[in-house]
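So this first bit is one chain, no partners, the form predicted alone, shown in structure tokens.
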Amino acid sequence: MEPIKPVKNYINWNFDNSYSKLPEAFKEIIKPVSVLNPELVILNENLAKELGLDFSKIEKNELSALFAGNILPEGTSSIAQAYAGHQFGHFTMLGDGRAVLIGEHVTNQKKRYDIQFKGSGRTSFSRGGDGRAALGPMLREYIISEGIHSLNIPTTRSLAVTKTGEKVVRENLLEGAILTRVASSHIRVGTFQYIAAKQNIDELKTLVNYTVDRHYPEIKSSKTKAVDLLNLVIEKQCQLIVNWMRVGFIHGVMNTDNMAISGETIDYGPCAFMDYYDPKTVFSSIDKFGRYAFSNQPAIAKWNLARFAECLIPLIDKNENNAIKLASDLIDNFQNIYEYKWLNMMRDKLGLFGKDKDDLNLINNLLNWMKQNKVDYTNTFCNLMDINSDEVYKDNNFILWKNNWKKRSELNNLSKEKQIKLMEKNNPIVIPRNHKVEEALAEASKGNLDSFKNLLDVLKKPYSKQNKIEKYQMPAPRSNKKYQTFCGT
């Protein structure tokens, strides 16, 4: 029996594949490995609409086959991308070991998006792995990436999750699945490391030019393109980390292959959100020494950007010493940019307009109180917006701090209403609480998606007051058992 071939116009796919036309060193031409019995688990209708896609005329079995890679839309040019990475500080040549980029979809608004299947089978970069993914981690990426998007933080997104009808071997036999990931691109710091390691200056120039054309066309005619690109990526990554810190997000595996040049959050492996405030919070089971702890994220971003700068040295200046000096100065300035952005972000969370010389002390005193009293990060700011009235906020030291905050707020010379509006834009009422995510995933593994979809619905409006969401606002019950997250590979 002939496989079903989707008709392009039914769905409105519009593939125009630029990355697959780059030189051989950048990729492997490969198709997804077909699966036994695909079954669509969830489709992101809102994202489909944003992409201008219409799946209403497609039967579910055809959709399942499509999102499993058993059949491909017209116009695709599927590849596995080559890249390297410093993984926990150790350099490794990597590449898409379990993902295939099927092509680039261009919307009616001329926005270009990578469409990638994650868990789509072995490639030449698999390094002995099975190239597959399990259902739980793919659903985790779906819900957290969509949660991050709703929090107004740049991120890759999730279009669909499909079961493969096959088992994957991890610690146990698990249900296999494929995630369809949407990104403005999958160009990483690790992509530059891979090409730089080959020491082919023409290929490095090709990558810089491609990246600029795709993400930073404003510097296309610059005579200092490499320097300008480094500056722009530093700025983007700085803003991204500030946003993570704003909502208590811990990425968990900030390897250089997980830092996107676009400034989007990418790869949701052992990620989690901080409940009780502790800057040293680590959830990842593989982060034994706290390299990627909450408070280390800015320093690791700087370290990753230094690796990016090293790749660009040959293009920054013909004189290597001059190039190193210029790149080092830019990287060293990361701390100043970050501290400035972080301080302003924290002022916004506290509804403080303008600047005062004691603002940093005021902020640090609050964070220290939260740490000493093991108080929930998100709910503390909700309390300041008169949303949460837990007993812990009757603590005398907190009341004293609150009085100082009110005195500082009076310097704004603005109404309480304007202060609250600023706070409401920056302080989520709900986040993807770890225990609620785990509950939803546990139910989904049994075939019940009700909890998963309910949680998704609540997370779509994280800054809005919603009815009957108390259970989504509470941190996990205190326990002696340490919460851990896993990579899923």
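Computed from a predicted model, the values in this text were never measured in an experiment. From 1 onward, residues are counted along the sequence shown.
The discussion below concerns the form predicted together with a small molecule, not included here.
- Although the partner is absent here, Trp405 sits far enough away that none of its heavy atoms falls within 4.5 Å of the small molecule in the predicted bound form.
- Although the partner is absent from this view, His105 stays clear of the small molecule in the predicted bound form, with no non-hydrogen atom inside 4.5 angstroms.
- Though the partner is left out of this view, Lys111 does not reach within 4.5 Å of the small molecule in the predicted bound form, counting heavy atoms only.
- With a 4.5 Å cutoff on heavy atoms, Lys167 does not count as touching the small molecule in the predicted bound form; it lies far away.
- Among Glu146, Glu175, Glu264, Asp267, the residue placing a heavy atom within 4.5 Å of the small molecule in the predicted bound form is Asp267.
- In terms of contact with the small molecule in the predicted bound form, the residue from Lys418, Arg127, Lys374, Arg214 that brings a heavy atom within 4.5 Å is Arg127.
- Heavy atoms within 4.5 Å of the small molecule in the predicted bound form are found in one stretch of 271-279, 359-367, 408-416, 256-264, which is 256-264.
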